[in-house]
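Single chain ahead, by itself, as structure tokens, in the form predicted alone.
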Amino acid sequence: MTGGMHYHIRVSSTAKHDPILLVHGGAWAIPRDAEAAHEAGVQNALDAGYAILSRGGSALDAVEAAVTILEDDPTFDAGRGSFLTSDGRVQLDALLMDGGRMKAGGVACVERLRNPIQAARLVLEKSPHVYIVGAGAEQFALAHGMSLIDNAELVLDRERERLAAAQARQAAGFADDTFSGHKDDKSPETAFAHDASSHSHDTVGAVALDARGNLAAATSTGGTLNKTPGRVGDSSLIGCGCYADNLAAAVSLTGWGEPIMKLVLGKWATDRVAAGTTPELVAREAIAYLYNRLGGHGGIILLGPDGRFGLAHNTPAMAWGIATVSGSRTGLTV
């Protein structure tokens, strides 16, 4: 690993029926003055999700609850407070997957839903489809009891100012160095410093193992700053930013979506756990592969059916947290 930028945690194997919840709140250069808010948000998500697991609830319910908390927290790029599209709107994507039933539900480009992860759950439970987008997803959610809101309720003045600044840089000829698809000879740290588009990725996610041994995963995002309306990243694409299979692992990723999508990195990681490599090692290898193959930056949380887990990132920080029968903890590096 180069420059100390790839991290992982090793733990002893957890008994199959001991519940565990892992949460992330984005991998990027989190500013010092935002660190406390990131850790507090992750802790709140852990508390909500693990309360369900501790009373025998399902992994699916736990990850939905955890991500709902993060969507409601304007600290993160999910739900209210998300980055704005180039035309000044919020468009949200989310995916939820049940590793026991091998069922998934996703929504993308929704503008009138406060909690897209809850709409994704409705798609999983109430629809024969896996993925519904745009106005169709909003109408599906409305028909199944969710309320539609005005998009302005999701927009913060902070994000209007951030969009204006980004567009001013573009107009001045200082466009963000969007991922080019080619690895150069820079170290991950140097490459990250030159990739302005990677400086803020607060995509959120959670993976869980419940007392019955079922795995689940969820990921939610507002996408990238100044994105073209209609752009969909990795977060809500099955096997890319999110995946769960009881016979393999549960995974959620965060970071620059295009290279993650090209590698189908979530499925790549879970397949390697299924083949016998430990989640701790796979997490580290996945982030190394992301950078070495496509110059990408991001973070991963990965949980196996035996309770072993891995976390890794090649960004300056990643907001993360874990809750087990022994308690919970959060951090910004792993």
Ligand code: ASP
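Values in this document were obtained by computation on a predicted structure and should not be read as measured data. One-based numbering along the sequence shown.
What comes next is about the form predicted in complex with the named molecule, which does not appear here.
**Student:** Hey, of 126 to 134, 253 to 261, 151 to 159, 104 to 112, which bit sits against the named molecule in the predicted bound form at 4.5 Å between non-hydrogen atoms?
**Tutor:** Heavy-atom contact with the partner occurs in 253 to 261.
**Student:** Decide if the three candidate residues Glu71, Thr75 and Ser82 all line the named molecule in the predicted bound form, where lining means a heavy atom within 4.5 Å.
**Tutor:** Checking in the predicted bound form: none of Glu71, Thr75 and Ser82 is within 4.5 Å of the named molecule.
**Student:** Given that the partner is absent here, does Asn226 sit within 4.5 Å of the named molecule in the predicted bound form, heavy atoms only?
**Tutor:** No, Asn226 stays farther than 4.5 Å from the named molecule in the predicted bound form.
**Student:** Using 4.5 Å between non-hydrogen atoms, is Arg231 touching the named molecule in the predicted bound form?
**Tutor:** Yes, Arg231 is a contact residue.
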